[in-house]
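Single chain ahead, written as structure tokens, the form predicted on its own.
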């Protein structure tokens, strides 16, 4: 009888473990949800556009969609790095504008000065990121305040120094903004390469692991020997560098630098894309792959709204609703008690209704 009971309990526990393993095996992560949502949005938007007599997947619309993806994608990839460190960067929009002007004025229409303009723009972007990182890590200034203050300083400089578009980008560099391989812009390919480099950084290097550790728990990371200040500074420098590349892309498309680029809302849009992609604003969890999915979702929505001629104010309302719904879904998945019950049962509790006698 005792042997029978032990056998039954063992089989029950094994069955529970097997069930828990099966459930975990089919558990969808945030990144998978993002891309499932992207497929659903593509299907719904495609049907709505078709009902109106259009074609969302026409080459012109696809090119526009990918063009929007590349610009926001550069900024959002960099923003992902700082958000993973439980930080934030509200200066990216101003850095984009500043780098577009520095790149264009340094090139001055001379093809031989293209690389000089690129290096100058990226060096200034890295300097802004370094200042942000040091303010947050060394002086313990709140990230929101530090990056907002830095952005306002850059804005004041732009408004004082530049009264309008300035500089000239040579035709050789303008190909970065206009050249396509089929319907795919070269800028989109470059953005995906930058995203791939960020993915490798986060998943295959010690610096990437430290960023996750800092975002997960700053005190634990420090006690574990992680140089938390260095990880924060690196994340902010890389974030500003990504914004600098976006500024060069703007200059390539316009053929000149433009200070008014900071009014495009790239700072808030990049944060929205990061959150939509499943990265937690509290840091420590997320992925660049999910961020790219979030960027594409926003680009699809913008393209569909433009084709359907949706009122711009209503368009912002719909985008806001989608972002809030996504964050609410992620938050519910974090506190869902069902997963806790499964883990507790797998550790040896006898399931209700089993024969333990």
Partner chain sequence: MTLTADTSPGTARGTARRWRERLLSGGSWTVLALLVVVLAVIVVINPSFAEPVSLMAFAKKAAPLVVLAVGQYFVIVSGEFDLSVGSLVGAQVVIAARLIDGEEALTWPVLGLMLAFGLLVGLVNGLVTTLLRVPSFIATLGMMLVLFGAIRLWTGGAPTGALSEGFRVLGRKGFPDVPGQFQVPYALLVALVVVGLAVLVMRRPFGRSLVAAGDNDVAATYSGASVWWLRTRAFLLSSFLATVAAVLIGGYAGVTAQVGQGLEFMAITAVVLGGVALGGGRGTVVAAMVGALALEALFTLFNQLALPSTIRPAVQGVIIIVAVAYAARRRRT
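Numbering follows the first chain given and starts at 1. The structure presented is a predicted model; accordingly, all values stated were derived computationally and were not measured.
What comes next is about the form predicted in complex with its partner chain, which is not displayed.
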- Option from 68-76, 171-179, 271-279, 250-258 whose residues, in the predicted complex, bring a heavy atom within 4.5 Å of its partner chain: 271-279
- Considering its partner chain in the predicted complex, which of 189, 197, 141, 119 comes within 4.5 Å of it through any heavy atom? 141
- Between the options 127, 153, 207, 184, which residue brings a heavy atom to within 4.5 Å of its partner chain in the predicted complex? 153
- Just to confirm, residue 33 within 4.5 Å of its partner chain in the predicted complex by heavy atoms? no
- Message: Within 4.5 Å, heavy atoms only: does residue 110 come near its partner chain in the predicted complex?
- Response: no
- Query: Does the 4.5 Å heavy atom contact test between residue 321 and its partner chain in the predicted complex come out positive?
  - Reply: yes
- Item | 4.5 Å heavy atom contact, residue 202 and its partner chain in the predicted complex | no
- Taking its partner chain in the predicted complex, which residues along 89-114 bring a heavy atom to within 4.5 Å of it? 90
